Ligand SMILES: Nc1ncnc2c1ncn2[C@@H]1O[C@H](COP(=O)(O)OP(=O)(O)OP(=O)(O)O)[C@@H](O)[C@H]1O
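Take a look at this single chain, the form predicted on its own, given in structure tokens.
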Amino acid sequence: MGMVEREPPRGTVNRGLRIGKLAATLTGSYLGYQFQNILQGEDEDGQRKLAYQKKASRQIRRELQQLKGPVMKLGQMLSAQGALIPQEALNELSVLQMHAPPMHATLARTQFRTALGESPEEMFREFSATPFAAASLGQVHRAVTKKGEEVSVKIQYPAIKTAVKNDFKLLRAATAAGRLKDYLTKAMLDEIESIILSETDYTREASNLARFRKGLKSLRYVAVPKPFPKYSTDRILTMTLLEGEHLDDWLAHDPPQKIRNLLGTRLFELLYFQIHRINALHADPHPGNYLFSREGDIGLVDFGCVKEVAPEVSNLLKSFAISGETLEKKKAKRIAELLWHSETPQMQSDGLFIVETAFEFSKLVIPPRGSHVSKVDFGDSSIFRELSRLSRIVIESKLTRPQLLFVFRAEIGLYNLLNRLGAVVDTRAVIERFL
């Protein structure tokens, strides 16, 4: 995993100062760039902007890695949002998906023994003291059970629930003033805190694994780890070790377009199968949570973040798919009312505009029935431009609803994966199976 930097002191005061500094960095980098726009010519704009993005992104990524916890989790969330942030920032933030400074082996062993009463070396035939992945809330080790089953063992960092609660107090204070408050509103922070706290309960994640193993059983190209209750608690999660490669490694083999299209079709089907058949969503769509085989099979991991999909959200997506070329104004208003229960004329207007804009975007990714377009090329940059525009409209409207927030986030993550694959997908054929 490379050289590990010594982690700075993690006292609340020290951590608060660092989170405040991070917020200032995010704001300051933007303002610094805007100030330079006044002083530089148009010809220099591209190079200067790129240099600023690279420098700020590297600085932010390093700080998030050291802080770990919920602020690193926010960075992981952003790493899946290819339509929202520059590629230079994505390149840096993608490192957060699997790489954080790990716990010392002695501390990890102590965490395990405290939770299960025995050391991992006593419970397993084999146990690797070096984690193969270390992320925001815990780290993962390879092991072999006494029966010879290869498993992965996720060990939670010490006192992480308390750290999450403290960090969100600090985040609220750090974002209360300045430009960040427009993007990390109180409602959004409340929802994200709730989700991250639920992710610290590994018993809940084990239940999610069992639910999705059963629910996705008919999709034979999808593998979900099997939990091992005997070796698990609310802070330790043992599950089968899945084979496969992360996206960058998979793409390094230069797979043929046929396999890229097959994998893209399966990823698209996987999302809508969850929404319309399971009525729940694996809502952490960053590439680190997918493993791919050379043949296009998919391993899905990390089920800490699962969201129920309300009927009105599922019906909204269905209505977009069957509405044809236009969406009646009366129907669009009704959808907005059901989603936001808008009370003021401004909220009603904003909600209606979001529904209409989302409908126009949906026609790009799911061509209407009878359209001359039968397949969608997700390598087309115009899709991402429109997705970026829609994302900013949703964020700036502040009409935040948790159901929509996480479905929208999952869709952005999907389109980001499809874009990187350069996949061409017959999305209409896929969606017809769920209507």
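Position 1 is the first residue in the sequence shown; the rest follow in order. If you're wondering where the values come from, they're calculated on a predicted model, not measured in any experiment.
Another form exists, predicted in complex with the ligand; not displayed. Remarks below refer to it.
Trainee: With the ligand left out here, work out from 214-222, 311-319, 239-247, 119-127 which stretch has heavy atoms within 4.5 Å of it in the predicted bound form.
Mentor: That would be stretch 239-247.
Trainee: Which of Ile195, Val355, Leu281, Val301 has a heavy atom within 4.5 Å of the ligand in the predicted bound form?
Mentor: Answer to the contact question: Val301.
Trainee: Could you spot which one of Ala134, Val306, Leu263, Ala332 gets a heavy atom to within 4.5 Å of the ligand in the predicted bound form?
Mentor: Of the listed residues, the single hit is Ala134.
Trainee: Given that the ligand is not shown alongside this chain, does Asn289 nevertheless sit within 4.5 Å of it in the predicted bound form, heavy atom to heavy atom?
Mentor: Within the cut-off, so yes.
Trainee: Do Lys154 and the ligand share at least one heavy atom pair within 4.5 Å in the predicted bound form?
Mentor: Within the cut-off, so yes.
Trainee: Look up in the predicted bound form whether Ala206 has a non-hydrogen atom within 4.5 angstroms of the ligand, and give yes or no.
Mentor: No, Ala206 is distant from the partner.
Trainee: Counting only non-hydrogen atoms and a 4.5 angstroms cut-off, does Ile160 reach the ligand in the predicted bound form?
Mentor: Although the ligand is absent here, Ile160 would stay clear of it in the predicted bound form, with no heavy atoms inside 4.5 Å.
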